[in-house]
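Presented below, as structure tokens, is a lone chain in the form predicted on its own.
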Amino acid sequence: MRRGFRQFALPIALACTCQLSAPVHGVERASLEREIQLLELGEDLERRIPGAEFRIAVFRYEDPDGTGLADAAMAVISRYVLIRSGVRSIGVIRYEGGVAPGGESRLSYFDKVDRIAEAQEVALALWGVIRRDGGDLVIDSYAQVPAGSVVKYFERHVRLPEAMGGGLLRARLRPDRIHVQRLRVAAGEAGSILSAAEIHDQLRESPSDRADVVGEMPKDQTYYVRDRDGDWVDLVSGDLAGWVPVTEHCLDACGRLLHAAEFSGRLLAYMDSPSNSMVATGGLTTEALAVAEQIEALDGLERQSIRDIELESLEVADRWTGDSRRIGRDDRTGIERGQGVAPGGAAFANIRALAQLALALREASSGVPYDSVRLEPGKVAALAFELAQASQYDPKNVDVLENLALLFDIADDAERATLARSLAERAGAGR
């Protein structure tokens, strides 16, 4: 679900004597190498686009085979997320320079993304890799939800009654590093991505292909969205202003790449408001489908209605775990559901255990105060053993281990509770 566009903020350079009263929609380019150097020197980074409520980092796609698409793919993805996510206040930081190990920094590929995402406190990080495979190009796109965003937007709890200790059982989104799309295109189709990125950087006098080109988007300045007309947006940067299209020229391979951008935009829109449903669409990966359905299942944990918990949490979790694990092509999206352990390891089993506990507590609290409810230790032990079995597929999932410690405490199994707590501490320290 995408909400309508609102009036956007003027750039700071043009609104020098007044406060920004409208939401910020802006893009700023930054040097990845420079910011990594500053971090390794122990210096703090300047917070980029500080007026935006939601800020994302988009990294230049890795291009080890020299396809020439790295910057174009980043431009297409970042422009779509900026304009089409529907988020009321968004800032996109486009990082120039690759994230692969090399140069003066010894940080690994993922470490660079982690360090920048943490230091800039972004809500989401996006990047990808482009490789040749025979006569084709394979474009892999990734989204990473930093730890702060996971806790703020994708963590749910089941609170135990005071009679059972009043503790909190926790479930969080897993995986938080998501392989969103694997796009295979013929090498001859690459031109559609390059041409779209080039056209989208041309500023025109009015929202029309026939209008005069008045300049190109600057590479070293922040620019902001000022207005919109259909698929066109009016961008401003300092004294430079002009109109660019968003998707009009993004066809063929470029259009299919936008499925990854759409999924990333939906993640942001959900963070902005959970009323924005999180769904996966055709052309994405098993991980993308699992994440979309896991968010639905997480939301179900906090429903008050027994029926809602069953449908939104337990039924969804059952699609990915246990004897009812669904395999094959998903009927709604056409995405392959895979088989075996679901993406995220024991995350769905954890949600399933918490949903079963929530249902038992809701049923037991019918007609009596919730905090007076106390479930039989044997019932709690059965849930704990089921979750413990699933934890073998994901032995470093701290959420699962901490939940097991609490469940075994309630089930009066001190030995297993102590073991689970010890494993949780070790897993947390290893992060």
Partner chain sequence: MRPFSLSSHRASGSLGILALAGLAWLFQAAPAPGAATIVQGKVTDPTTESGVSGVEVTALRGDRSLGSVLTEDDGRFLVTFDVGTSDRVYVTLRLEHDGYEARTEQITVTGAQPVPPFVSVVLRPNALSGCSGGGAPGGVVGYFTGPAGAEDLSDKMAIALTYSLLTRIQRVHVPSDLQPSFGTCQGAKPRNPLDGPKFARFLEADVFVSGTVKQGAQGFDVAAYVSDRYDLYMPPLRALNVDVDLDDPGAADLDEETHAAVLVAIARRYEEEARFAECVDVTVAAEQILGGLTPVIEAERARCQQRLGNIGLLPGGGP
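Numbering follows the first chain given and starts at 1. Because the structure is a prediction, the values reported are computed rather than measured.
Quick note: we don't show the form predicted in complex with its partner chain, though the next part is all about it.
Among residues of the shown chain, residue 343 is one whose heavy atoms approach its partner chain to within 4.5 Å in the model of the complex. When contacts are judged by a 4.5 Å heavy atom cut-off, residue 404 counts as touching its partner chain in the model of the complex. At the 4.5 Å threshold, heavy atoms of residue 305 stay clear of its partner chain in the model of the complex, well away from it. Its partner chain in the model of the complex is approached by residue 179, whose closest heavy atom lies within 4.5 angstroms of it. Contact here is defined as any heavy atom lying within 4.5 Å of its partner chain in the model of the complex, and by that definition not a single one of 360, 367 and 376 is a contact residue. Contact with its partner chain in the model of the complex, defined as any heavy atom within 4.5 Å, is confined among 47-55, 367-375, 31-39, 387-395 to 387-395. Only one of the listed residues (121, 209, 133, 216) places a non-hydrogen atom within 4.5 angstroms of its partner chain in the model of the complex, and that residue is 133. Think of it this way: in the model of the complex, its partner chain has a heavy atom of just one of 221, 277, 324, 108 within 4.5 Å, and the residue is 108. Of the residues in 412-428, those that come within 4.5 Å of its partner chain in the model of the complex through at least one heavy atom are, in sequence order, 415, 416, 419, 420, 423.
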